[in-house]
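Heads up, the chain below is alone and in the form predicted on its own; it's given as structure tokens.
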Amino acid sequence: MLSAHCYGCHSTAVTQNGGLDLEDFNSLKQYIINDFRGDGIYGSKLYHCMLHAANALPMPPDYKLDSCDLNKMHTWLREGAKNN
């Protein structure tokens, strides 16, 4: 899901001169910490952005992810966001 929707702008090859590299798990980890905001929405900073939640930078910026992709991300986060 990340490769389909995020790596076009946030891959190692694209961000070599700076920017958020979601392909690098060490870089990604800082955005997947749960309880990012105490607003009742479960999830990480990355998940809030994907939800287009209030006060979060909407990602991807041009469209919202469908519920299937959001459920995959939610499950991955709930299961510990393993580097797999």
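Here the structure is a predicted model, which means the values were calculated and not measured. Throughout, we count residues from 1 along the sequence that is shown.
Just so it is clear, the following notes concern the form predicted together with heme C (HEC), a form of the same protein that is not shown.
- The shortest heavy atom separation between A81 and heme C (HEC) in the predicted complex exceeds 4.5 Å.
- Heme C (HEC) in the predicted complex is not approached by H74, whose heavy atoms all lie more than 4.5 angstroms from it.
- Proximity of A53 to heme C (HEC) in the predicted complex falls outside the 4.5 Å heavy atom cutoff.
- Residues from 51 to 80 that approach heme C (HEC) in the predicted complex with a non-hydrogen atom closer than or equal to 4.5 Å are L57, M59, P60, P61, L65, in the order they occur in the chain.
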